[in-house]
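First, one chain by itself in structure tokens, the form predicted on its own.
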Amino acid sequence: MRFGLTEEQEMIVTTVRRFVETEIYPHEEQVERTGEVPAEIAGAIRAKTLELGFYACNFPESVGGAGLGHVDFALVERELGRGSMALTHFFGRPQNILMACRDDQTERYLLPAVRGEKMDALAMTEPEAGSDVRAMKCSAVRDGGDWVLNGVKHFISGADHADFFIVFVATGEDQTPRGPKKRITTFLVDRGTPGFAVRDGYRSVSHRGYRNMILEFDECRLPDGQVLGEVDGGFAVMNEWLYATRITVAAMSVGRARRCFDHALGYAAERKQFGQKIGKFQGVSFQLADMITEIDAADLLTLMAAWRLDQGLPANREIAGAKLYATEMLARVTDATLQIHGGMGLMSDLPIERFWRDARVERIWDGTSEIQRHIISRELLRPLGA
């Protein structure tokens, strides 16, 4: 069993980390202060990523991507996790679900997204349908050969910059022994489509500058050509292309935890109290030991889940476990780092309070910790008929 990285993987880690340190870190304070990413900075990050050959690196070479495997891509996301999410957004990782594009959708959406000419945003969550996707009320009905969409989506990340949206809506209902069950269809919706509006969302304490938006559909008419995948096949599209996105959250949590830990370690080795470095006190040194152990464990869980996907092995439980453990580990590491820094940890002069704030959302989006525990326990019990 090998735990080391290949020479190519080491190159990926070194390249992306250097990019984050030189192209992302210098702009973080401005984004934190203003809550905005200036267009010229966003454009420069995208252009430099394209020059590196890493834009859309999660897509196969057949469509112009770098063709990275799941482990390789997890390493990319781990290093990007060290930087401000509002800025690394422009490093460019379009939704893999676009591989479901067919016919002219390929030229209109897939290829421009891979080339960095268009940006996408995924729209699934609604005010009354978060983890319970089947509860969505945003719907589409047939009318004169077209589809007419009505409803609201919220918490839509990246929608402020998106040129088009991948939208999941209810297109029917089946009666089952357990009650009504929504049928879901996926649509591609261009910004500016009549009846479709994008407006500002809520102010979040996590990831300033990485804004969430609200999408409103009011008699928005779309032709059949805007259906991604099959009609009523939204869950099939979702399960095939989206379930590995939890690895991204886990990997980025590991990267952010390592950056945070570096601050804690450096501070413990320099700060003096009672005539000695605070790292000499067990109250601090033992925290450091626990932190690095948990970070390493989360890293291995995440890479193992990605490896299983590369091998074509079932990985649902492993992915859920990585997402659950890594995000909860990040919460503990950021909190411990802040505690080690004392009062200064809460001051905006240091990035510690930002790491602490940003960590909170990771246990919520892409499936809450409770949902991950449900997935894990279900995978354990189902084979036993329970």
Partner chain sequence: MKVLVPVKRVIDYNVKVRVRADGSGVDLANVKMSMNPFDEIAVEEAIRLKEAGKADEVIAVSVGVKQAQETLRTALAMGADRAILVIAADDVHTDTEPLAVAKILAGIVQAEQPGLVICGKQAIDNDMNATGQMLAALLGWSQGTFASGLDIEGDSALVTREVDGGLQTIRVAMPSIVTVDLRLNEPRYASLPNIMKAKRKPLEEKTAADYGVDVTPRLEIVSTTEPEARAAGIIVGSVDELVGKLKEAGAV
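Since this is a predicted model, take the numbers as computed values, not measurements. Positions refer to the first chain, counted from 1.
Separately, the form predicted in complex with the partner chain exists; it is not shown, and the next lines address it.
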query: Contact test in the predicted bound form: G53 vs the partner chain, heavy atoms, 4.5 Å; finding: yes
query: The partner chain contact at I340 in the predicted bound form, heavy atom, 4.5 Å; finding: no
query: is_contact(I371, the partner chain) in the predicted bound form, heavy atom dist at most 4.5 Å; finding: no
query: Exercise: D366 in contact with the partner chain in the predicted bound form, heavy atom 4.5 Å; finding: no
query: In the predicted bound form, the residue from V361, L68, I45, I352 that sits within 4.5 Å of the partner chain by heavy atoms; finding: L68
query: Residues in 15 to 48 with any heavy atom within 4.5 Å of the partner chain in the predicted bound form; finding: T15, R18, F19, T22, E23
